[in-house]
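Single chain ahead, written as structure tokens, the form predicted alone.
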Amino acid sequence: MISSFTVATSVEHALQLKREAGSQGVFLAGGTEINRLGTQLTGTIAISLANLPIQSKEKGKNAVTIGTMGTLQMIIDTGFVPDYMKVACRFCASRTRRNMATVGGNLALQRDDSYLMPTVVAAKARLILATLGPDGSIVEENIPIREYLAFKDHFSDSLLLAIVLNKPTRFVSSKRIALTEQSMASVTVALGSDLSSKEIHDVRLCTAVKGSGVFRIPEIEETIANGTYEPVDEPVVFSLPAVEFVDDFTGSATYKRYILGTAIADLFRECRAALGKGGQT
């Protein structure tokens, strides 16, 4: 429960406040998660980012940069943002929530029903983030999203500044499976591949599974890339030895394995059909 609220006046100020607050400090962006019933956030000190200049969006020659305080609705309304990002933002069915929820908040939380994380991993996005050095000065880093996903705890005190989409010939597609549009998703999964050589390569496959977390599936990435993956038409129970699927209100463990396997097969077919077309999807 939040007991203290402070408005940061600069990126440096926000990071200083976070350092002082330690584990009790939480960055407040759109405000859709703090004090939410069932939230995983346990801090008591909210550090508002509302006045920070990290909402901009920019289109370069081969990249699109989106400030992390930009909302999901802002992405949908921006013409030059790739369509696959707009699809992921629309996974949040409530327009009211989309006008509040931010890119940075969704990525930083890495919730197991994340709207955006599977898609940005599949897109091979990069993140620009800021931390405080030992002397208190700001240190900016430009890292691949896969690194942020793999080492979440290492970046827990960092502030996300922007996401960079710099793969203009990349195929990216995602699926969200839930009981209703407003329900938490059982599974969200995205597949990305470079199509510039008219072959499927540089594959990224990432999923958010309720109760299991957000993770890549390198075993399937490899089989797709080397041409040995075969989608199946009949129902399949997907098996991942390193992942524990759990029964919960979004579906049984068996159901989640099934829909993940069939969703991957569908995404692969889309990717294969996109060969020769090029461009972002």
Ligand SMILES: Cc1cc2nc3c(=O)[nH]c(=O)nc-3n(C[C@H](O)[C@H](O)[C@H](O)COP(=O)(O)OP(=O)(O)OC[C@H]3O[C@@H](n4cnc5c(N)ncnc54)[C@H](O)[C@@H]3O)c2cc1C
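These figures come from a predicted structure and were not determined experimentally. Numbers follow the displayed sequence, beginning with 1.
There is another form of this protein, the form predicted in complex with the named molecule, and it is not shown here; the text below is about that form.
With the named molecule left out of view, the stretch that reaches within 4.5 Å of it through heavy atoms in the predicted complex is, among 193-201, 77-85, 139-147, 109-117, 109-117. Contact check at 4.5 Å (heavy atoms) against the named molecule in the predicted complex: none of 177, 205 and 268 pass. Checking 217, 224, 64, 28 against the named molecule in the predicted complex, a heavy atom within 4.5 Å turns up for just one residue: 28. By the criterion of a heavy atom within 4.5 Å, residue 164 is excluded from the residues contacting the named molecule in the predicted complex.
The closest heavy atom approach of residue 89 to the named molecule in the predicted complex falls outside 4.5 Å. Taking non-hydrogen atoms only, residue 132 never approaches the named molecule to within 4.5 angstroms in the predicted complex. When the named molecule is considered in the predicted complex, residue 124 lies well away from it, no heavy atom lying within 4.5 Å.
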